[in-house]
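One chain follows as structure tokens, the form predicted alone.
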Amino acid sequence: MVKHILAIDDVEEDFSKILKWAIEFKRLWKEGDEVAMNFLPLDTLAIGSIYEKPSTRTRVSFEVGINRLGGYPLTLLKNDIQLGKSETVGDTSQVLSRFLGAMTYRCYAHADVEELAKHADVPVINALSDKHHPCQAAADLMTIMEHFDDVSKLKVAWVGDGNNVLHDLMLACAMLGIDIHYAIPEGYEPSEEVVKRTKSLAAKNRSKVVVTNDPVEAVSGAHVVYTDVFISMGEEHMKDKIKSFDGFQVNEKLVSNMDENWKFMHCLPAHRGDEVTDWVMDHDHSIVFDQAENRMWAQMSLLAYLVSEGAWEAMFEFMGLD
């Protein structure tokens, strides 16, 4: 049966292994390790990446990462193909499955990536939808694991909109037993269905899920604070929305309530002066550019895991991981 990753909890059982793989493979590759440099599980395969939305990190990280794994990245912009216009998503999926080794899809409606996966004979990775952003969550938790030795003792705080990035961050933290506290203005809460899934995972892994409307309460004693733009791509017409986020900016005063070794995270691009100040973005404790780089390494692990699980497992054993 073909595996897909439409939300980060689709890889619940192997999530920790996927992150460990990415961290160690990154280290080996940067050291010029011969085995890592010649690990080409996507050799001869074309990997298609469909984009309805503009992208910097997603497009570059997938194209470079696929190339480093020996594959051929094929970028398909929304005006390049007939997807959803003169051809249904399902028909497009069946056609592309005949040519490609896997597909990634950055779209607006989550129902569209579900439809693509439903008809695909090859793995599909959700590269962002309005409900989920699993690739970002994989990079985020990889970054956290690089900066903290024992993630089980961490408190991660989210301050901002209850959006797709929060959805998969919540799920990812719960899968690793990390406490997640989130502060959201009234009326912008995350999906109740995703919250229910998160709480189920948290109960299994003995972590906490705490919601509040007070940013100070959320970040008090936290090790990580994470935010995103208050007005997301596709919401540009909702300019009045930003008024609801008064007091939710991550700034010097807010982080003063955190653990002394606090870290700041943002999925980027950031609207400096809105959800975060320059002081925080440019601080030594900001790890936003580590996150950005790790999009590639985390996605490389996800791709190898989906497309060539045997080769991925062999590399896992070679790296001496457990």
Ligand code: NVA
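Bear in mind the structure is a predicted one, so any value in this text is a computation, not a measurement. Residues carry their position along the shown sequence, with the first being 1.
Below, we refer to the form predicted in complex with the ligand, which is not included among the displayed structures.
**Student:** Which one of Val165, Ile144, Ala117, Ala138 is close to the ligand in the predicted bound form, taking close to mean a heavy atom within 4.5 Å?
**Tutor:** Contact residue from the list: Val165.
**Student:** So which of Leu268, Val64, Met37, Ala46 gets a non-hydrogen atom within 4.5 Å of the ligand in the predicted bound form?
**Tutor:** The residue in contact is Leu268.
**Student:** Spell it out for me: taking the ligand in the predicted bound form, does every residue among His223, Ser286 and Asp290 have a heavy atom no farther than 4.5 Å from it?
**Tutor:** Zero of three within 4.5 Å in the predicted bound form.
**Student:** Is Ser200 close enough to the ligand in the predicted bound form to count, meaning some heavy atom within 4.5 Å?
**Tutor:** No.
**Student:** Determine whether any heavy atom of Thr75 comes within 4.5 Å of a heavy atom of the ligand in the predicted bound form, and answer yes or no.
**Tutor:** Outside the cut-off, so no.
**Student:** When the contact criterion is heavy atoms within 4.5 Å, does Ser152 count as touching the ligand in the predicted bound form?
**Tutor:** No, Ser152 stays farther than 4.5 Å from the ligand in the predicted bound form.
**Student:** Does the ligand get within 4.5 angstroms of any non-hydrogen atom of Ser232 in the predicted bound form?
**Tutor:** Close contact exists here: in the predicted bound form, Ser232 approaches the ligand to within 4.5 Å, heavy atoms only.
**Student:** Counting only non-hydrogen atoms, choose the one of 156-164, 192-200, 118-126, 176-184 that falls within 4.5 Å of the ligand in the predicted bound form.
**Tutor:** That would be 156-164.
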